[in-house]
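Before any questions on binding or motion, here is one chain by itself as structure tokens, the form predicted on its own.
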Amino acid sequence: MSNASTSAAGSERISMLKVLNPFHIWALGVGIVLVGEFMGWNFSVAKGGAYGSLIACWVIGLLYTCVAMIDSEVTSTVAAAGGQYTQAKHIIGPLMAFNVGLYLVMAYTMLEAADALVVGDLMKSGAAALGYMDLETKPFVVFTIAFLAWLNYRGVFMTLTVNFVITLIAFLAILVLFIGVDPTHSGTILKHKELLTDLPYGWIGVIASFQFGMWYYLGIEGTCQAAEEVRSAGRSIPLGTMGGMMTLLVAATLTWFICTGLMPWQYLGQAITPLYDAATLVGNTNLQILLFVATIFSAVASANGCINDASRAWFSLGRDRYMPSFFGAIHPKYRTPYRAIIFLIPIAVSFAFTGLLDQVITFSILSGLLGYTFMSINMVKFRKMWPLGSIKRGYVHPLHPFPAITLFALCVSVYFATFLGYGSTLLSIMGFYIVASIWFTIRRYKFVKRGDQFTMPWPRPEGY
């Protein structure tokens, strides 16, 4: 394996290692998302009731299935770090690429901060159960982010191998809990007949639940960030992403089934750790311990994947001069974007220290949603500029353009759902990205070398 790539000028440039396989891609995608099954998704129950949450689970599952199919095609063709950012710079242009890169960095950094908050709260709760009542959460927040950043600094193979192990344990814990509630004998442990009610707020509540329905799957698109480090993008990205999406659909449905059969929707809609609460209600100490450990593992795996993805997006912005080129460096020994990893640590810690979990989560959701909206437009333009047969694709998603149209329509519905509950937050975030776009146009665009953007050996696009 070559340790460096050679530039056009003949000098050697350090590149990231191609060491990942489909299992690592699965671990990256599912690892980021699975924490949403352990907490967060249940806020959709408060908006739309138990049935409303199930509808949100499947409707938003369709949204993310479209995301996974579109990402698998474009990323297996544009195999470079930065994922959707790299797609944007090849297909649409610099301003869109800058915004998409910023969406990615903010979505993953906010999610990382939320994960670290969860780890701190869980450790405080565990300590309280053992009699240590005055434990502070902030040291656990700092230690979690710092340790995972160190892991990412040392190499992507070790990082995602660890993620695979702890994510698999967390997923298996959901399956064990499902078996433990004896689903074949309704009424013995699960009380769906008594607990399930009609839609408490009607269909407007169902729509409002879409915002937190995203928590079942938010982050699966992060598999694209590893495109430059897989052995075969055409094989690993589609297999890891689509396999991850199927895993999440199963985990989300089982989670809903277990929790709604054990807790009334009024309590479930505001629970902090619903799966752990479910294990506690079963009355099995071993299940309770397993779910406590699995909840921590899910949060750690999510934060670990977020550091990986946010740093790759920030690194790509620096490498292409959208941000200072200082951040576009790769460690000569570990082959990781080490400066980007280090730079984002204090940002994640500062957001975690706010303690505003719902606001941090909303910022992450809306940043991701803006990226998904771009993807629907990007896919249509990609197929128009380079039709099937004009370039080699690692994967071709079926039924085009219906997935792109469906994705766009569902994104619009989630914007409306978010406006119902967090209208001021939605407007402030949109304002933030508008100001950032103006800053880029005035201050950074002059540093971008347009000729260096297009790294793919493709023919001239149709119509150009």
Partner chain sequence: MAKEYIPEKQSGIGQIIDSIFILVLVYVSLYIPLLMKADAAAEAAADAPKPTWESLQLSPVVQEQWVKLGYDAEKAAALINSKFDYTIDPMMLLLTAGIIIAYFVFMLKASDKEYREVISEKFGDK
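Positions refer to the first chain, counted from 1. Model, not experiment: these values are computed from the prediction.
Only in words, not in the display: the form predicted together with its partner chain, which the text now covers.
Q. Which one of Ile289, Val165, Ile204, Met158 is close to its partner chain in the predicted complex, taking close to mean a heavy atom within 4.5 Å?
A. Result of the distance check: Ile204.
Q | Option touching its partner chain, based on a heavy atom within 4.5 Å in the predicted complex, out of Ser186, Ser390, Asn284, Gln270 | A | Checked against the cut-off, the match is Gln270.
Q. Is every one of Met106, Val360 and Tyr445 within 4.5 Å of its partner chain in the predicted complex, counting heavy atoms?
A. Yes, all three are in contact.
Q: Would you point out which of 412-420, 64-72, 34-42, 397-405 contains residues with a non-hydrogen atom within 4.5 Å of its partner chain in the predicted complex?
A: It is the stretch 412-420.
Q: Indicate whether its partner chain has at least one heavy atom within 4.5 Å of a heavy atom of Asn21 in the predicted complex.
A: So Asn21 does not count as contacting its partner chain.
Q. In the predicted complex, does Gly180 have a heavy atom within 4.5 Å of its partner chain?
A. Although its partner chain is absent here, Gly180 would stay clear of it in the predicted complex, with no heavy atoms inside 4.5 Å.
Q. Does its partner chain get within 4.5 angstroms of any non-hydrogen atom of Phe257 in the predicted complex?
A. Phe257 lies outside the contact set for its partner chain.
Q. Do Leu356 and its partner chain share at least one heavy atom pair within 4.5 Å in the predicted complex?
A. Yes.
Q. Which residues from 320-356 come close to its partner chain in the predicted complex, meaning a heavy atom within 4.5 Å?
A. Result: Arg321, Met323, Pro324, Ser325, Phe326, Phe327, Phe343, Ile347, Ser350, Phe351, Thr354, Leu356.
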